[in-house]
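Here we start with a single chain on its own, the form predicted alone, put down as structure tokens.
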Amino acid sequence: MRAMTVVPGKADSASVGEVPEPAESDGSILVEGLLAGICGTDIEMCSGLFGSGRQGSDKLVIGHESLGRVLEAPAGSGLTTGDLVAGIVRRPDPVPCPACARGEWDFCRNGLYTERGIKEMDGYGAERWRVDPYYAVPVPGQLGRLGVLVEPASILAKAWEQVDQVGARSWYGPEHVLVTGAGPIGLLAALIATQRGYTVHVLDLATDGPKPQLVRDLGAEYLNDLADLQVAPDVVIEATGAGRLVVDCAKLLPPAGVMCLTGISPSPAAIDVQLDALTRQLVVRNAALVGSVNAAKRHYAEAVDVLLAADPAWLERLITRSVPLSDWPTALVKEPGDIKVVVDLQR
């Protein structure tokens, strides 16, 4: 069968590969692949920056943002033929560490976890894939192809959970939220913030294309310059990974403010920072910076709820391009106006 494959650690190795049918050891549920989302992680893997293949194989099936249709499911799995499903990305380490033993594999302490389509496990970017019932996320039929947004939305469900937990250390009543970056992660962060009733401000460099209107259609403010922000943000969701912007936003945090870092820059650059002054600001204001990556099982269920509560027409506009599996490497090349690019695994 056809699949999205790369040779881990080798740049420009993305190709349409022929791979065996999925092994039953991957799970008892057989799924017909429908869509796979492309994100920065996939682009970095295809650039040879990181990623590791299944033992004994020189190539890896990538694709961790998934949507498929169940072909076969065992009795008692909670799924039946024809159901839509998304697959969870991370698997706990075999030891397991204390975090993995509690189902918090996104906080794995020893690094022995595996990840579908990223680390030592084939992903979901294939015509067919298998998954264990525990790691299969039911996607309501009314979401249709928007179910491919479940995995990225799970990242933000977790990020907001982290913000709430840090904020709960004292009186917590956020009003103003700043989101930096209007890519898929930033826009989903803004979506959740507006669903929570916060006043939302989104900072991005784009001056045209779909991003400004998508933000405004949420009822949020769109900014190109941080200097135009007229409030102190109680919460910052940082989705760019740009070091200078991280520092500048951290300086804006008010007392007990929380900043959640969800972005990673693919090519870190050195910046000059007066760290003593920044540390003083953070300390005297009881402000907090917290990093967040990946998601646990509960965050996928929360992501489904977020998507169900959103305007489907707005969500549809996040998916700006669909490319066929037969030409999937073109999805790695950013085009003007791109937000979320998906691969159609049936074409």
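Not measured: the values here are computed from a predicted model. Sequential numbering from 1, following the sequence displayed.
Omitted from view is the form predicted together with a small molecule, to which the following refers.
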Q. Is C39 a contact residue for the small molecule in the model of the complex, using a 4.5 Å heavy atom cut-off?
A. yes
**Q.** Exercise: R90 in contact with the small molecule in the model of the complex, heavy atom 4.5 Å
**A.** yes
Q.
Since only the chain is shown here, I'm wondering whether D122 would be in contact with the small molecule in the model of the complex (any heavy atom pair within 4.5 Å).
A. no
(Q) Is N294 near the small molecule? Define near as a heavy atom within 4.5 Å, in the model of the complex. (A) yes
Q: May I ask whether Y172, E175 and A256 all come within 4.5 angstroms of the small molecule in the model of the complex, judged by heavy atoms?
A: no
Q: With the small molecule left out of view, choose which of D204, E115, E161, E221 has a non-hydrogen atom within 4.5 angstroms of it in the model of the complex.
A: E115
(Q) Can you work out which of V139, A182, I155, C249 has a heavy atom no more than 4.5 Å from the small molecule in the model of the complex? (A) I155
Q: Given that the partner is absent here, state which listed stretch (193-201, 129-137, 238-246, 147-155) has heavy atoms within 4.5 Å of the small molecule in the model of the complex.
A: 147-155
